[in-house]
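Heads up, what comes next is one protein chain in two forms, each shown on its own as structure tokens, labelled structure 1 and structure 2.
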Structure 1
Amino acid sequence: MAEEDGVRRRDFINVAAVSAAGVAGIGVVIPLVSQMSASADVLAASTTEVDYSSVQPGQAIKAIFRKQPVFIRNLTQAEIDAANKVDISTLRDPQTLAERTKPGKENWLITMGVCTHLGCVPLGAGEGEPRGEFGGYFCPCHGSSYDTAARIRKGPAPLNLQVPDYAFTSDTVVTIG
């Protein structure tokens, strides 16, 4: 009988020790995982909503997404035609205008406002700013010129202006990110 009591006590001690270790492990893992998740300010900056209802054809506005400028341009039919006439095989970073816009909203071109050469902010989104020889954007830092589809046409920039993930959430609001 004494042997049975010893076995039972030993089993109880093992179960108690494993349970205590499990509780302690959970007590360490939960704070570790929660401190690695994104903070509230980072989550809030993960998307940006912009009301584009006041942007007339031929105009552009600047917004901020993840602390970087975003250009939202309402292309005119002439700008769309000019972009579509370009032979994409002659481009450094070949993309059509249709690849850079959403179906049904081809007149809305949304790009990051950061030159792909060294990260300067190109001109052309503001009223009266120079748009370069191709009618899109012009980077004053090193002379990169972008066309009306924000594709690199001249200068040291290796790539087109980046198109972020975006979705039109209503007739007047676009959500970027």
Structure 2
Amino acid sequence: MAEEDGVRRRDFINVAAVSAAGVAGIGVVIPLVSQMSASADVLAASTTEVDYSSVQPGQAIKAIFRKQPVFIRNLTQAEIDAANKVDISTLRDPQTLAERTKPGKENWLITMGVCTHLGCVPLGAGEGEPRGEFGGYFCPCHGSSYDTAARIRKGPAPLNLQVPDYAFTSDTVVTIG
């Protein structure tokens, strides 16, 4: 009996030592994995200030926010009406134009220029680019079409173009982020 206890205690020490080595191994893996996530300078990504005063109705510009394109579009009255005419309940990602713009500035549509399907940059913000059959943006990669409120209307993308946080800091400058 005493012999058996002795054996068990000795086994326990070996098991404990191997377990400690296992814990150490896991401890080593944590920083090795964590180092690949976004670093402090990237996370502190700055806000972007854009002068939008030169954008005429019907035009759009591209700005860069967090290393990605942002579309700033000055909608014409016709485009606003077209967007408001749509029955929300028929949309894949139901949102009104008003929900996607700031009050009093409904003609300023500011969205990420990143297709919600697989991340291509949709066409339609640049001069002379096709805007797709709904007059908003058209993603050439897999054929997603967005309307004049940048809502997904046709094609594989699941969501509307994302609206980033932004605020109009003056009559000419919008701060994104």
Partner chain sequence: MSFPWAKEYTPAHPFMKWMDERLPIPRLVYNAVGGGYEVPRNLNYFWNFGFLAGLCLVIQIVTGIVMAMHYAANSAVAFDTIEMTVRDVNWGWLMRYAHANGASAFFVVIYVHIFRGFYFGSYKAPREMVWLLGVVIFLLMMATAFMGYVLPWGQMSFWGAKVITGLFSAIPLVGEPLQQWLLGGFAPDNAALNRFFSLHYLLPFVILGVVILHIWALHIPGSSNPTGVEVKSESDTVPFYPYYVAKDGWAIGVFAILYCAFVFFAPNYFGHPDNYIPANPMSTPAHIVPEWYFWPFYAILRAFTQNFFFIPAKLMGVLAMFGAILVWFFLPWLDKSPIRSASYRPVYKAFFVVLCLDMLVLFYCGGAEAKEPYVMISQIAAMYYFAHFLIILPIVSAIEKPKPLPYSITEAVLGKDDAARLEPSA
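Start at 1 and count along the sequence of structure 1; that gives the residue numbers used here. Keep in mind that what you see is a predicted model, and the values were worked out from it rather than measured. Rigid core (definition): largest C-alpha set, two forms, superposition within 1.5 Å.
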Only one of structures 1 and 2 is the form predicted alone; identify it. 1
Relative to the superposed rigid core, does G27 relocate between the two structures - that is, does its Cα move 2 Å or more? yes
State yes or no: after fitting on the rigid core, is the Cα displacement of V15 between the two structures at least 2 Å? yes
